[in-house]
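Heads up, what comes next is one protein chain in two forms, each shown on its own as structure tokens, labelled structure 1 and structure 2.
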Structure 1
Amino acid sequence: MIQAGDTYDPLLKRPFSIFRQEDNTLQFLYRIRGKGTLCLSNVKKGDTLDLIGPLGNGYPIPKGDFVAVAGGIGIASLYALIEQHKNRAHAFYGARNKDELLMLNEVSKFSKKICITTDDGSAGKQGLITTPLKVFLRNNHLPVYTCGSMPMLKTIFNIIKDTELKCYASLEENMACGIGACLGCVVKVRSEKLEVRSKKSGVRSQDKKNLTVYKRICKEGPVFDLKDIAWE
């Protein structure tokens, strides 16, 4: 969570993935979307930034080859994973146009293979990145790591929901505190068991109905098993 400027306007810190760590430096990749990121773009060398972190839970460490699916600025969440596990990622990288394919040369260098799509066809194949991903996963049973828009994640869920594939998704959400106190960033997740304690006997029972509960993206996430999300 990074303070956007040296005043209280904007008041709240902004959430970012740690993009890369080199020696004693941390790097963050962001797109200017509003007042907070506009303030960050004006930070100069020697300025001081107030931040809290690291927070939340990251991706499980892959044991072998894996699939990394990035939608646009979602590459900021996946880049370190791809770089740290060189030549093991089958990267699928989609964006609206070629100008939004950030760090493309580096991602290509560190990946085992890479597939690129753009909405307008200005780079790679024209279309959504989930189209070639679906074809690939038919014959390649590898764990999937992904970050991007909720519509993209829902499409990936529909691809893998009836398979044994594991899929870990880093959810993008506005956050206020970053430590789970404000309950401002929550996601519906499925829980198959409800534990009930009897006041009289103290005996616990479990109801295996499909239930919906909420989890905090900043605290229990931002990475979740995609199959645990309660898609509507």
Structure 2
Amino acid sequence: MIQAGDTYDPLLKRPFSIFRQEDNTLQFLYRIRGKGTLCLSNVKKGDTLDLIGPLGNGYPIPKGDFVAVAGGIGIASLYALIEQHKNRAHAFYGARNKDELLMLNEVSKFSKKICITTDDGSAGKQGLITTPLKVFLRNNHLPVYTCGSMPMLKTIFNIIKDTELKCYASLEENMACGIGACLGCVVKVRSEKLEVRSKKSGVRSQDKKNLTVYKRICKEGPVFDLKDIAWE
């Protein structure tokens, strides 16, 4: 969570993924979106930034080859994984246009294979990244790591839901505290294993009703198993 600006507007810290850690530096990669990120873009060399972190839980460490699916700035969250596990990632990188494919050279260099799509066709194939991903996953049973828009995640969920494939997704929601205190940043997840204690016997039994609970993205996430999310 990074403080953008030193006035009350913007007020709250903004959540960012740690893009890279290198020689005592902490690097962030961000897209200017509104007030907060605009303020950040005016930060000059030598200025001080107020931030808290690292927070929450990142991706599980991949054991072998994996699929990394980045939608636009979602690459900020996946980049370190790709760089640290050289030649292990099958990268699928989609963006609106060529200019929004940030770090493309590095991503290509560190990935085993890369597939690119853009909405306007200015780089790679024109279309959604989930289209080639679907074809790939039919023949390659690898765990999927992803960060991007909700519609993209939903499509990925639909591709993998009836398979044995694992998919870890880093989610986004508006945040205030970043440390689990305000309950502002929730996602609805399935909780099938509700423990019910029978009053008479005191024995715990498992009740498999289709229950849902809200989990805090900043604390229990931001990375969730895509199959745990209670899609509406």
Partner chain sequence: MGMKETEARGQKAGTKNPRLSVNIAGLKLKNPVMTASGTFGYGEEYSEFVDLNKLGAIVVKGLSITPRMGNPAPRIIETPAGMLNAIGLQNIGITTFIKEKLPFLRQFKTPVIVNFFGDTVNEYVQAAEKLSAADGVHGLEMNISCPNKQAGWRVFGTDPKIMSEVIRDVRKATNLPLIVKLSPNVTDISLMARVAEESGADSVSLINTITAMSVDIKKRKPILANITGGLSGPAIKPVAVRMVWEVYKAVKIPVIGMGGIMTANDALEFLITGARAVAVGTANFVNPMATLEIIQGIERYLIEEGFSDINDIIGSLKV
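Here the rigid core means the biggest group of C-alpha atoms that line up within 1.5 Å when the two forms are laid on top of each other. Being a predicted model, the structure only gives us computed values, none of them experimental. Sequence positions of structure 1, starting at 1, serve as the residue numbers.
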Quiz item: Do you reckon the form predicted on its own is 1 or 2?
Solution: 1
Quiz prompt | Rigid core superposed: residue 22 CA moves 2 Å or more between structures 1 and 2 | solution = no
Quiz prompt | Rigid-core frame, C-alpha of residue 6, shift of 2 angstroms or more between structures 1 and 2 | solution = yes
